[in-house]
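Okay, so here's just one chain, in structure tokens, the form predicted on its own.
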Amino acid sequence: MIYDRNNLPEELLNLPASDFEALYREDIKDEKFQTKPVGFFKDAAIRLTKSKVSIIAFIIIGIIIILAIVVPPLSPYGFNDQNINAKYLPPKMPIVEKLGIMDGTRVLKSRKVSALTDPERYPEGSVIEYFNVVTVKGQEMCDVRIDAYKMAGVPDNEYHWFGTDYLGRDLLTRLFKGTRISLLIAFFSVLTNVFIGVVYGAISGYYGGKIDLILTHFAEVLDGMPYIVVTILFMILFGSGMVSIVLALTITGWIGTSRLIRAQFYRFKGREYVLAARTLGVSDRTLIFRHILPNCVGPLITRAMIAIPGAIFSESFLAYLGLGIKPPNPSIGVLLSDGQSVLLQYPYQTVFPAILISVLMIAFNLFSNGLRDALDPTKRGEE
């Protein structure tokens, strides 16, 4: 029988409670709703920790930063302690030297066999072996393996793990001192670029119109200036040093960040929650920094992490051209520049800085890739 909902019988309108049966059980609960809510950054951290490559890269970065802080003050040699008698010493490391690796020896080519017995040129115990003996114009010549430390009069208990440079300065101490300076330059320049880029891009993207047009064209003109010419001008005005390098890396380095922030503001400023806040009388400053800018944090952090290895490479490039830190302060670029002039004779002076900067660049790039994926809101909640 079909009833009209406006003319239902009385018995159907007053059904007793006993006619109803509960279709749920209080002892059964959905386990998925028993966990605590996961926020955006917590979810990003969980996904980041699941990336083994990113975690390994982060650990490598942390180890290098710790060594840059700890090694210079704990080293028995100052970064500018000079010993001309101990110049160009090869690497020598305890324990490893017993394996014939980094044992402080060097091979000298085409030496007179008769001169090997001269105690002034070859002190006792400095000649380990000689080989490839040939006779040239009645004179016996050979290649000789020497203990460079005994030949320089350095005590047996003195070790230079990465060798010494042309002034007898310990390269291990100078390398990690230079790493500290290079990292400081990179961090300061990136922080400055992020600050300027966020403010500039936020104003440009939020207000739009003529303000955006003027600011965008100014950034394009600035971006078109020759980088090397601008850097040289800064070096002439302020001298070569950390401040000049940071300014040189900052003069156009913020433009990419400002473009990113501008695009994000165009994306979010028309959202309903922003329009509702503006209707309620919220000020522009609050809308920019409280309601819109937090949505840009993920891409901003990722870009900053990617910019750090770029800044380290740029500093090394400037130092390689002779526009780096003032002597005697080292940096990775300064050490590479000094080492390339004696690359064939003493390759270790270039190898160790090159390995360190390569590891830093790769580690920062791998970590920034993992951070980019972790902060991607489209992947939120993925296992």
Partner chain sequence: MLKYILSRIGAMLLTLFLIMSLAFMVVRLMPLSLFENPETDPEIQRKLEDKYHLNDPIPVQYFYFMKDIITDLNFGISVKIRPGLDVFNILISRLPPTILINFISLFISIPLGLIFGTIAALNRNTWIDHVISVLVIIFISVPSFIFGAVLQYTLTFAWPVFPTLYDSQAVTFAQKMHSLFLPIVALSLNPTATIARYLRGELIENISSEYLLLARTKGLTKAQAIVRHAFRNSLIPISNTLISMITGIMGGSLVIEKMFAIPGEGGLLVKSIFAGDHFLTVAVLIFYSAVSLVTILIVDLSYGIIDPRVRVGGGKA
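None of the values given here were measured: they were computed from a predicted structure. Here the rigid core means the biggest group of C-alpha atoms that line up within 1.5 Å when the two forms are laid on top of each other. Positions refer to the first chain, counted from 1.
As for the form predicted together with the partner chain, it is not shown, yet the points below apply to it.
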property	result
Three-residue site Ile61, Val199 and Thr216 fully in contact with the partner chain in the predicted bound form at 4.5 Å by heavy atom	no
Candidate from Val70, Leu321, Ala45, Ile56 lying within 4.5 Å of the partner chain in the predicted bound form - any heavy atom	Leu321
The unique member of Leu99, Val133, Ile236, Val107 whose heavy atoms fall within 4.5 Å of the partner chain in the predicted bound form	Ile236
Non-hydrogen atom contact Leu343 with the partner chain in the predicted bound form at 4.5 angstroms	yes
Proximity of Val334 to the partner chain in the predicted bound form, heavy atoms at 4.5 Å	no
Asn329: touches the partner chain in the predicted bound form, heavy atom cutoff 4.5 angstroms	no
Distance check, Ile232 to the partner chain in the predicted bound form, heavy atom within 4.5 Å	yes
Proximity to the partner chain in the predicted bound form (heavy atom, within 4.5 Å), stretch among 286-294, 190-198, 120-128, 224-232	224-232
Residues of 352-370 having any heavy atom within 4.5 Å of the partner chain in the predicted bound form, listed in sequence order	Ala354, Ile357, Ser358, Met361, Ile362, Asn365, Leu366, Asn369
Val297 C-alpha shift between the shown form and the other one of 2 Å or more, rigid core reference	no
C-alpha of Ala115 off by 2 Å or more between the shown form and the other one on rigid core	no
Core-aligned C-alpha movement of Tyr159 between the shown form and the other one reaching 2 Å	no
